[in-house]
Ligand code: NCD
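Here we start with a single chain on its own, the form predicted alone, put down as C-alpha cells.
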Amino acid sequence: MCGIVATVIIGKAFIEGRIVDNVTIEINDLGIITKISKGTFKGRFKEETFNFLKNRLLILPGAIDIHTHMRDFKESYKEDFYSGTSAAAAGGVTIVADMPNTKPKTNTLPVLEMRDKVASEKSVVDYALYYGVPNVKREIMGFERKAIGVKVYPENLFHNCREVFEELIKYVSSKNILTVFHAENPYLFKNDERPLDAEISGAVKVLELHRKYRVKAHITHVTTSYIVKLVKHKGNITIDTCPHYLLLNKEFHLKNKYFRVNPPLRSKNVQENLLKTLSLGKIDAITTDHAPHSSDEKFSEKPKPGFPGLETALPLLLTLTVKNIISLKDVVKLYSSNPAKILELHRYVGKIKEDMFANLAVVDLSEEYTVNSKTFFSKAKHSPFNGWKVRGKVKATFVRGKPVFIDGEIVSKKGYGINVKKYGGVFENVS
C-alpha cells in the first residue's frame, strides 16, 4: 500500500490480540496504515507525529457503534450530527451507524439523500446510515448506495403493510444486505408495559423470517440471555446488547422514572445472567442505542425512552476488564472488530493492521474518574451512569489517521467524517 506518509503514531498498541510495546504506526495521506514497526523508534519524522509512549497510554482499534440515534432534522434540539459525532469521538468511537426513526423518517430515497448530505456536512467521525421500511414498493430499490442496511421496528415486524415489507425482505435477502431487527411483539404490550414475552416473541419472528428468506439478520439491544441461546441454537444471526442492560436492572426504574428505555430494564436475575453470557463470549457486539433526549423530556412525568451512551460505553467496558469480568481482547472484539464484520467493513477497520484505515482510540487504562454528564459533548447532559466511577479514560481518537479528539477537545472540523459506503472508493484510488 503506497502513498505519502502523513502521520506517525508511537506507543503501545493492541495488535493481533495482544498489547505490543513500542510500536510505530505510519499512516499515509489517505488515512491508511502503511507500516507498523516494533521496537523503540530513535530517528526523526518530518510528518505530524503523536508520541504516546511517555504517558504509557494504550492505542486500541477505534470503537464502532452500530446502533445510534443522531437525531438532527426536526429533532436537532435533542442532538445533531455534529454534537452526536463529537460525543462519539470523546468516547473513542470512530464510526456511528444512525437509525432511521428520524423526523421525517429516513424511509424514502429523497430523505436518505438529505440525511447523507446533513451527515456529511456535520460529522467529525465516519458514519453509516440505516434505511427504514418504506411505505411503497418504489422506494425499495437502490437505497444500498447510501445506506449500510435496513432497520425493522416492531410495527414493521408484526403489523406493517405486509406486501411492501415482504418485498423489502426479499430484496435485502437477494443482495445480502444487513437487516437489523428491534425484536418485540407490540401485541403483547400491556398498559405501557413491555414484558419479556414480547421480546422473545419478536426474536421468534425474526428466526422465522431468517429461515424463510435467508435474510442477513441482526437482533439489536437484546435484554435476556434466553434470546441469545435461542437464536444461536437455531439460526446464523448476530446479536448485540447495551451497557445499560448489562449493568442496570428494573429496580433502578422502579425507584426513578428516568430509567425508562425500550426494551425495558429487566429483573436483577435476568441482568446478571446477561452479563454472565457476555463474559462467556456468546454475544457478538456491544452497542449504546445512543438515544439523546432533552432534559425536559427525560425528567418529565412520562420520560422519553432511552439514554445517551457514546461517551460512557468504552470506559464502562474497560472497567469490566479491571473487574476481570471480560478481557481487553473481549472489549476490542465486542466494540470494534465484530461490529466491523457485521457491517462488512472488516476489510477497512476493526483492527490495527497494515493496509487498513487508522481508526484508533487512545486510552489511559490506569485513570479512574467519575462520569459527569454535564461535561458531555452530546446535547443530552444526563446519563444513567452519572456519578459512576469508571477506569479507562479516552485521551485521543483518530479517524483515518487524523486526530478528531485530543485531551478533552474536538480538534476536527465539521464535515470531516464520511459515509462508510465511500471506503471502497478510497482504497480504489490507491495506486
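Treat the numbers as computed from the prediction; the structure is a model and nothing was measured. Residue numbers run from 1 along the displayed sequence.
From this point on, the text means the form predicted together with N-carbamoyl-L-aspartate, which you will not see here.
N-carbamoyl-L-aspartate is not shown here, and in the model of the complex it never comes within 4.5 Å of any heavy atom of residue 313. Interface membership of residue 199, defined by any non-hydrogen atom within 4.5 Å of N-carbamoyl-L-aspartate in the model of the complex, is ruled out. With a 4.5 Å cutoff on heavy atoms, residue 400 does not count as touching N-carbamoyl-L-aspartate in the model of the complex; it lies far away. At a distance threshold of 4.5 angstroms between non-hydrogen atoms, residue 306 is in contact with N-carbamoyl-L-aspartate in the model of the complex. The partner is absent here, but in the model of the complex a heavy atom of 261, alone among 128, 227, 152, 261, sits within 4.5 Å of N-carbamoyl-L-aspartate. Only one of 240, 289, 79, 98 lies close to N-carbamoyl-L-aspartate in the model of the complex, with a heavy atom inside 4.5 Å, and it is 289.
The stretch that touches N-carbamoyl-L-aspartate in the model of the complex, counting heavy atoms within 4.5 Å, is 291-299, out of 291-299, 352-360, 133-141, 201-209.
Along 375-391, a non-hydrogen atom within 4.5 Å of N-carbamoyl-L-aspartate in the model of the complex is carried by no residue at all.
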